[in-house]
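Presented as structure tokens, the chain that follows is alone, the form predicted on its own.
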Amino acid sequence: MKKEILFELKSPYRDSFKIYGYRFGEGEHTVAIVGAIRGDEIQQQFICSQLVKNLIDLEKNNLILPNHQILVIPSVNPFSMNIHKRFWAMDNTDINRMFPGYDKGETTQRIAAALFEQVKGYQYGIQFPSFYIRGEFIPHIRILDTGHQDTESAKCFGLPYIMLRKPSSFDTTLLNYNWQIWETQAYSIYSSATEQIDKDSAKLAWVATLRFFAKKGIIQYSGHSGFISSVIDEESMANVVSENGGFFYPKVTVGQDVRKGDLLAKILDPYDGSVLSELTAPVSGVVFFAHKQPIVSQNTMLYRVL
């Protein structure tokens, strides 16, 4: 294992901003892995730390197969993580919306450009991102439907679901999108948490990554063979949106089967506790996403039902 400084930015007030990479194996650039790009992605950095730990052990035992190189970047935004901010501490911009970057632009554009220069050209790219809405997911693989995607290879992760999303113009600045445009097969792995460590879903994510490596002939590794993945289209999901603001009082959890008309949650008046509205399942299916914050605003997405 080689620990490297991939990018450094001098700071007038504190230690330099540094992005560290952990490189395993030798030869062809096979897999690049990116963890926390946002400052609140604690779970995502934890997953990468466990991957680094496992890869150190695999390399020590000569179980990384010849002519395969793996790069792991656990954290891209340590400054924001240190002060508990989701986005870039200085101007609140999102590094994950700056790709492929611009090396003479604003700070986050330069960080994105430096990171992309390090991770482009790999055969596979794996990112551990967080969703823009706070909540809990069924762990799954997400792929942008650019026309360059490889859903068959995504099945090698052995997670229950592979979600295809049609990219909007807003998505063209994502790492996942730009990886694909530059001919890297890109996969985003969503686990069940962001700001806290959920050990069970974190383990699902890093074991799924090791399973992918094994099935692609990158490492020697034996473990659970995983699930037979179902490929789903994001547009097939039914969204449940709050009609009122107030206390969020959920009645179901992620992964639970529901029937059309089942009660999902109540919105309570924050002053007198009365029920402002009841939310019911618009279709029969599985709760794929659930909101987690105790207070919600009107028109907030609270559930997604598959």
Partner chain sequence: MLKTVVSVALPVGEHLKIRKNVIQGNHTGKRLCVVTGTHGDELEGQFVCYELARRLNEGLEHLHGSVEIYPALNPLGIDSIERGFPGFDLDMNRIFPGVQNGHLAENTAYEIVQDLLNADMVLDIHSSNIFLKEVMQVRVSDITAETLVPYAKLLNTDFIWIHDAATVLESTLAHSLNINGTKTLVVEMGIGMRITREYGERLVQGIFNLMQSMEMWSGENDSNIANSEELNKTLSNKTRNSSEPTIANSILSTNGEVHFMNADASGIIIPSALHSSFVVEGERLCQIVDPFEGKVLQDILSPVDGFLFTLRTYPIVYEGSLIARIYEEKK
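Nothing here was measured: the structure is a model prediction, and the numbers come from that model. Numbering follows the first chain given and starts at 1.
There is another form of this protein, the form predicted in complex with its partner chain, and it is not shown here; the text below is about that form.
Contact annotation for residue 39: none of its heavy atoms lies within 4.5 Å of its partner chain in the model of the complex. Under a 4.5 angstroms non-hydrogen atom cutoff, its partner chain in the model of the complex lacks residue 306 among its neighbouring residues. Mapping the unseen interface onto this chain, residue 245 counts among the residues with a heavy atom inside 4.5 Å of its partner chain in the model of the complex.
Heavy atoms of residue 152 never reach within 4.5 Å of its partner chain in the model of the complex, leaving it off the interface.
Heavy atoms within 4.5 Å of its partner chain in the model of the complex are found in one stretch of 208-216, 115-123, 152-160, 102-110, which is 102-110. Across the proposed site, 49, 137 and 284 without exception lack any heavy atom within 4.5 Å of its partner chain in the model of the complex. The partner is not shown here, but in the model of the complex the stretch 115-143 reaches within 4.5 angstroms of its partner chain through a heavy atom at 131, 132, 133, 134.
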